[in-house]
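Here are two versions of the same chain, shown separately as structure tokens and labelled structure 1 and structure 2.
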Structure 1
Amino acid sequence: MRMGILKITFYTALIAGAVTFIYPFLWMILATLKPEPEVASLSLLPSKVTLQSYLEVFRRIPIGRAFFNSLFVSTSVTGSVLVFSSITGYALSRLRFKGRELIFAVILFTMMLPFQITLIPMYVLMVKFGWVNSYQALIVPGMISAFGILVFRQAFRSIPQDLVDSARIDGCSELRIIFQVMWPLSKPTLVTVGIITFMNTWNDVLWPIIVIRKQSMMTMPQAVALFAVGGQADAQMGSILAAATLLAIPVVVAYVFFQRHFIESMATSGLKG
């Protein structure tokens, strides 16, 4: 009887916590379907469903072009991080060379540095290279990740050395070992690094605002931020919420599809030393 009461209390608390986290997001979505005078109310259901807020967003800013820019930049950065970080993580976990531990220590140290410290030097480099207002400025600085290197190194260290030795005996190069042996055995790690990298790149606002001036090159978070605070929304809360909803949908969809691998990796490879 006592265990039953504890279980009911536990699940009640979980449901209450879930509702607390879900309610603001659900309210935001439903508020975009309300007429503008009703947006400020706390009620969930609109008196009349309308898509006027979304139509205003598409009318006032090139949201389609911004979506393409964000998708192109985020997928390019994510693919580059998966390739280059896994190669570096493999070298630090399986290859023996002088200075390996020092290099790993330096990589860990860079994770402790705030992005703002390297912001100005990075911008100066973009200007020197002539990459301002270009995809290179949005993609190249994020093509490798210290976090990705760390996670791949830890994941690869958990794979038996016998598999690597067997692949080498069969004549596989180190790159073939990475992509044909390590990657198939590290799918949760690939998904985790991919989701986190995609999410961070997709949501980045500060760096695009610094290096991008042309409206046609703006990413979606940048366009939405300027739309919300730059006066283009004319203080229409429904349009601002509609733009925020469009911005959040791709990340939510990606997480829903890959959440099982994400949770599995965070519970295993990400914690092994």
Structure 2
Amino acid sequence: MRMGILKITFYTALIAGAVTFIYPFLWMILATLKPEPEVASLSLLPSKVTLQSYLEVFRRIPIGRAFFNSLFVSTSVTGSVLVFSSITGYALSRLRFKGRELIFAVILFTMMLPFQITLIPMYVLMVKFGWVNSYQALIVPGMISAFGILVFRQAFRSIPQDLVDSARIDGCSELRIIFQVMWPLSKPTLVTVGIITFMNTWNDVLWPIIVIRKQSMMTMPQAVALFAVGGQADAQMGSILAAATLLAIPVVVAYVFFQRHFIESMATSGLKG
């Protein structure tokens, strides 16, 4: 009997929690389908469904372009991080050379370095390179991540040395060993680093707000944030919420399909960070 009450309490807590997490999103999505005068109302269902708010967003800001920018930037950064971080991780875990420990220490230090300290000089650097308003400014700083290197280093250490040795005897170059021996054996690690990098790049706003001022070059979160704060929405709340919904959709779709990978990857990153 005692157990029963306890279980009911647990379920009640879980359901209350679930409602707290889902309801606001549900309200937001339904609000974007309402005619503008109804948007602020508490009622969940629209009196009539209209896509007007979405049309307004598309009319006012190049959100499609922003989506492409975000996709292009996040994919480039993720690809680059996977390649370069695994190369570095391999060198650190499998090769012996002078200065290896020093480099490892430097990487650990980099991970602990708060970004605030490099923010201003990085902006100056971008200005000096002439990279303001360019993809380079969004991609190059993120091309290798210390986090990725550490995760790959860890993963590669657990792969038997015999495999590496036999590949070497077959005349494989180091790069082939990395991509044809190590990668196939470290798929979960690739997924983890890939998801984390992609998510972090996709969701970052502070850096794009600083280096991108040209509307056609803005990333999606940036474009939506500025649409909400700036005057371009003409204070039409429906279209602000519609822009936010458009920003959420790609990630939510990905999340629904790869939920387990998302959760496990983020958990790993949490523990490593």
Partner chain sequence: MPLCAVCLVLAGCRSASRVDHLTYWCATNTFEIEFARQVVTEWNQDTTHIPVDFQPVPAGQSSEEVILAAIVGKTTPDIYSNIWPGVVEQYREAGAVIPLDQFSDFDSALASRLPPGLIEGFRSPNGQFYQFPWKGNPLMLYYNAGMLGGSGISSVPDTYEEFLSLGPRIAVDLNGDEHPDQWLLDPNILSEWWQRFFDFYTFSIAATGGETLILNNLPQLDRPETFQVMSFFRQGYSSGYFPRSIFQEDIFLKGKVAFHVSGPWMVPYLERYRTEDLHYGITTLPLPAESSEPVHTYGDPKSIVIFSTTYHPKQAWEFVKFFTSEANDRRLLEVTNQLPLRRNLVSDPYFVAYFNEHPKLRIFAEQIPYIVATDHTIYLQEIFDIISQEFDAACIHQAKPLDDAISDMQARVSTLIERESLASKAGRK
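Please read these numbers as outputs of a predicted model, since none were measured by experiment. Under this definition, the rigid core comprises the largest set of C-alpha atoms superposing within 1.5 Å between the forms. Each residue is numbered by where it sits in the sequence of structure 1, with counting from 1.
In this pair, structure 1 matches the form predicted on its own, whereas the other structure does not. Annotation: Cα of G64 displaced by less than 2 Å between structure 1 and structure 2, core superposition. In this overlay on the rigid core, Q52 has a C-alpha that sits 2 Å or more away from its partner position between structure 1 and structure 2. Core-superposed comparison between structure 1 and structure 2: the C-alpha position of S41 differs by no less than 2 Å. Relative to the superposed core, T9 has its Cα moved 8.1 Å between structure 1 and structure 2. If you overlay the core, the Cα of Y23 moves by 4.6 Å between structure 1 and structure 2.
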